[in-house]
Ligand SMILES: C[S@@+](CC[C@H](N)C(=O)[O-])C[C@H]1O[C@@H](n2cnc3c(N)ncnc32)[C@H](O)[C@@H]1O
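Next up: just one chain, as structure tokens, the form predicted alone.
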């Protein structure tokens, strides 16, 4: 069974700009001592709370457990600090390992060197204790570590997620420039969607926004779609831990609910509609998908929500006329809230008025604005 210190410090990582949405989500999930920070959200609890967050968070990318914190102005100090942590509950010589790192404002400035020294400390500890050492597997490790160094202060984390949590498992295929599932979920929360009002995405592509909306409305824990998490491959995840995790999954399964919320996705590309429908079936939800263009959008008088990630700039080439047509169509949606993820100033200019609210978000490395207009534009 996983070691059980009374309280573990966790850090849930998030796309830049979505930290506030993740904070609100984790508070809604009744996790403890939730506090937003740059790049994610802190919370505290038992190991099971970390498992629970992996299963239920729609916005977090990874759930990290803090294993140690110490001064690391140079390589020997980093090596010694990592080696002081007991890694035997998590790794055996039969397990594989990978280490990633980030750093700023300190004596150690090369992430590759930091990862190498960390790996050396871990495998040397196990070799000295067990006469054998684990192997490195950067593509599919059993145990993933992350080291963050800022101003010579090193924090070493275990990654509970393994593969990034945005990989729900339903989107085996996608079109060009897909929106990450976690960012779609954050957009839905930030725009104020209530999980009851009708919602339409008139440029749905592979269907990520409508599918995430349907999962949220149906109270479907996004981690239920995954086969397993990283922590389920640790040495300490024995039969007792597996049985407890099965109970947590079972409770989440029972909490799902049927919903008749009107969620619609449209796209001009028939292949996109077919793909979106296939992805929704894999996710076990039933939003509607229909061929159509944004210019012909007719979703009835409100209240309702239009949530869209239009093509822009580096992501996809877009004719400026598309933005004008999009703005005109949105003005016809009386009583609706309009939320647009804009990666180009041309999109905001086409809206012809200042948004009622906006958030700076990052779609990958591309800085965007989430523009929110109340009662249409």
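From a predicted model like this one, the values you see are computed outputs, not experimental measurements. Numbering follows the first chain given and starts at 1.
Just so it is clear, the following notes concern the form predicted in complex with the ligand, a form of the same protein that is not shown.
Looking at the ligand in the model of the complex, residues 127, 142 and 230 place no heavy atom within 4.5 Å of it.
Of the candidate stretches 216-224, 285-293, 257-265, 102-110, only 285-293 has residues with heavy atoms within 4.5 Å of the ligand in the model of the complex. When the ligand is considered in the model of the complex, residue 204 lines it closely, a heavy atom lying within 4.5 Å. Of the heavy atoms in residue 171, some are within 4.5 Å of the ligand in the model of the complex. Remark: residue 269 counts among the residues lining the ligand in the model of the complex, judged by a heavy atom distance of 4.5 Å or less.
The ligand is not drawn, but in the model of the complex it has no heavy atom within 4.5 Å of residue 57.
The contact with the ligand in the model of the complex, taken as any heavy atom within 4.5 Å, belongs to 322 out of 61, 322, 350, 67. In summary, among the residues 178, 277, 303, 192, the only one with a non-hydrogen atom within 4.5 Å of the ligand in the model of the complex is 178. With contact defined as any non-hydrogen atom lying within 4.5 angstroms of the ligand in the model of the complex, the stretch 217-253 contains no contacting residue.
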